[in-house]
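Take a look at the structure tokens below, where one protein chain is shown in two forms, each on its own, as structure 1 and structure 2.
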Structure 1
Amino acid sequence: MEKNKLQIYSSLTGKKELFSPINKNFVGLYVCGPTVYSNVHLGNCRTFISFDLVYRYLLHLGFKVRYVRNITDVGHLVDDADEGEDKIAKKARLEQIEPMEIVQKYTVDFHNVMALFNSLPPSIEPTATAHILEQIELIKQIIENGFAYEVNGSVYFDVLKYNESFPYGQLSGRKIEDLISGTRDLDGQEEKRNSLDFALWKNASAEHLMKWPSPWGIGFPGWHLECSAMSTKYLGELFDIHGGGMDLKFPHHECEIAQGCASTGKSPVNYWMHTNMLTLNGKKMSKSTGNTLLPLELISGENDLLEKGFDPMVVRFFMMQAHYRSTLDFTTEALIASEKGFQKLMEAISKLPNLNASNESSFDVKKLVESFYEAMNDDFSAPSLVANLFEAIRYINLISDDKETISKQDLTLLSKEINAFVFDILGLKKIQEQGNGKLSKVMDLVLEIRQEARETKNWSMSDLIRDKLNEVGIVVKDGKDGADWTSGL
């Protein structure tokens, strides 16, 4: 295992850098988690699956990894502005239920979807509401250091003051002068000293649902603050890797750097990593245009944008065929190609235990295995790894057809490494292993009952069965040849 050869692309420097953890065998990894006010979307899934790959490979290399992924359950304002209503509170008000009911509902949904895609749970999954005290203490420190100010019960980060000591905009590559010229002039009624200043704490109105006492009055924390507070608590003032979608680079991650420097005098993260966007049929995913797809709609096939549903493992495998920093386009044709490739991969792996070993190998097995590590050491290049795995598949099929030979020792090595990279690192599972025997029998009966409901046009019963199964992590896929199912249990 080649720990000392791993290179990571740093969004801060714009180049690949040799990975050197702060503590020799310990890695601190923080990933911005979901804001739980709606169903998790595919873009979220891509980010979390990408960092699941990172987590898995670091573990494979022998590092002890503390993976922290937060849940944003307060403070995320509409349109990510400093004014307006919290997204979760707004959803709760519209549905006339408690905000924590919204949080619970969509947190469970998020976990179910991640289980379907076989993503490992993080080491710690803190929530913003459980760390209000830590956020208040962080604000106090920033004020004490002269980089924030209080106005009418709200606290704002002073970006121009900060920029005198630290470069604001270093992560996104934006210059403070351009940012100032691109914002509106203050109208005299604005609380902030400068248009670039962002909220650390907001004064809450009487009707605001989610609020807490603080030294500045009753209010709630700003969105950017929670990640700084929780990453510091669980990973320290300086940690190794911080990840998220590229849409978070500015302003969220830029503000995190500012908060870290303002409170401790140093940048909080060594390696910033960002995943790229998804497109659907060549176009940007957008709710307003209808060009959008939820994970369960993709899996079940119940959508008008793709021709059929796809197993979660096929979707995960599809995501692995594009580098996390590249745009990924979801199309029926591309997913079908991945489905065929996934089947080919699993068929080859199933041949491994039955291959006949010879006295010697007719090809360089060690070099082939080394190519797996070279791919992943090159900024976690899953597409290169997949290509090298298919080269291994070619040899497996040739050995099976007695056109190549492999020694017993090399066969043991190849089997061990292929299984490790496919199942432990890429995180794939054989589709037929997703349900146990008893569950399969129960599901056969459930699907038979559901089919009878459909044949009698009892659509409400059919939909109820499907929806209840979805709630416990079982996705029903309707196809031309009947219904099938996938379980994240």
Structure 2
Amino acid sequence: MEKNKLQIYSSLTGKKELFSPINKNFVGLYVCGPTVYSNVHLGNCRTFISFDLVYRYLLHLGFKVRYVRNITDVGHLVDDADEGEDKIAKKARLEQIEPMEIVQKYTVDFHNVMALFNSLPPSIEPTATAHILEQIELIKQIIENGFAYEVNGSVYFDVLKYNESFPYGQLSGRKIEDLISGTRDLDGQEEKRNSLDFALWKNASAEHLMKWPSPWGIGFPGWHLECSAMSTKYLGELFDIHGGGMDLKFPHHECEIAQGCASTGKSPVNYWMHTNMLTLNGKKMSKSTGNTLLPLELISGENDLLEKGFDPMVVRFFMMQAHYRSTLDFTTEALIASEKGFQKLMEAISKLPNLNASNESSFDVKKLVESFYEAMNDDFSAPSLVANLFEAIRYINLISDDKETISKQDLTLLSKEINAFVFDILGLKKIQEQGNGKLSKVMDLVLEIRQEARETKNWSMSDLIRDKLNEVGIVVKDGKDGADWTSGL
């Protein structure tokens, strides 16, 4: 029943729309994944955790979901206007290692961080380099349909030609005339008929590290193409939900729509969802400006911005207190407030099994439970859900103090739904649940050895232990009372 009431805000129409899946077999959800050339920062995590919430709620509603989140391991250039080096190749050159070593290192980091935040893995996690053939086929189709042209071994999408048949700029609300007058003529872009055109395939120079043969010569795919190729392959030419951060609306997602229309004649996605930015000091958290905080720094407390470390579940709870379409500013004060709220929530939940049931309830339990669904059905409003859960906590505490009553049946319902919304949907877990008995014992030993190293000022050993633990997803937190640890295992 609740399945039929979900409203999703569509970035394309600017309205909340009743969610109606395309087919009965599965809901197709595609989320642009990270470009794996450095550690994911907390801003990236906000976007991925927001879509984890979407995925979890769809599952809770009983939908079968095919969740595809890609790994960008080639083609994302330093400059979004198709210029500059490939981000991964540049890092590989600087570190003098193979590009695939960079890809491996940061994919592992990404997975560890996602596990720490208790994010569910996607159903399929395809990589761009494993889908070169599909990308080449897609380019061939776009050329055949007359919307792309080849110059010196590179292929460009012809935006002006496309705009004669399909409106370009719909998603980002940009008009083509404004875009044309606003673009710079960049050096080295003289191959393009128009500066708005974007690369589908780029010719590779001899020293270029990641390249493949194609009908147009040796080269590599353009960044926007991979998501079109992989979403089509796994979800079909038309699928339900496509997500990413707001900064991907233009040019990335605008170009995906253009590629979809140019190859199949129809727009590829029913609901475009975009998350707003996590900010730090009021500015977007971003790799390129260095205004970032890494998840491991936040957990360990090792950053000058922080007074102490925070458990990943507190960080996740902090993120759930803003709607995904609102900006969220990171401050230590906000994290401390979230820590208190999280503890209050967990304390109340632990009281549930011990509450005494009465003959009847003194308040409307069904309405309270209904309010959880109403919040999430309103475009996945986690902050409204949290507010409604706190209303439930108020009642739990009053029942515990014998100031309100609850019937046995209502208590069963309330316990079941609170557990579902807090653990399955918000994706929180009790802090003490992390790790298991054996792991705790091993960790006690490892931390003791590390403490000895620190006492003898053997900093390299102490750092080595910390870094090796990080590699397997265990974060060490140094505090006033010694070291503690947390893990996504």
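Residue numbering: sequential along structure 1, first residue numbered 1. None of these values were measured; they are calculated from a predicted model. Rigid core (definition): largest C-alpha set, two forms, superposition within 1.5 Å.
*Asks:* Two copies of the same chain, shown separately. Which of them is the form predicted on its own?
*Replies:* Note: form predicted on its own is structure 1; the other is not.
*Asks:* When you overlay the rigid core, is the Cα of Ser267 off by 2 Å or more between structure 1 and structure 2?
*Replies:* Comparing the forms between structure 1 and structure 2, which are aligned on their rigid core, Ser267 does not shift its C-alpha by 2 Å or more.
*Asks:* Superposing on the rigid core, is the CA of Ser371 displaced by 2 Å or more between structure 1 and structure 2?
*Replies:* The answer is no, as the C-alpha of Ser371 shifts between structure 1 and structure 2 by less than 2 Å after core alignment.
*Asks:* Examine Asn397 after superposing the rigid core and state whether its CA is displaced by 2 Å or more between structure 1 and structure 2.
*Replies:* Stays below the 2 Å threshold, so no.
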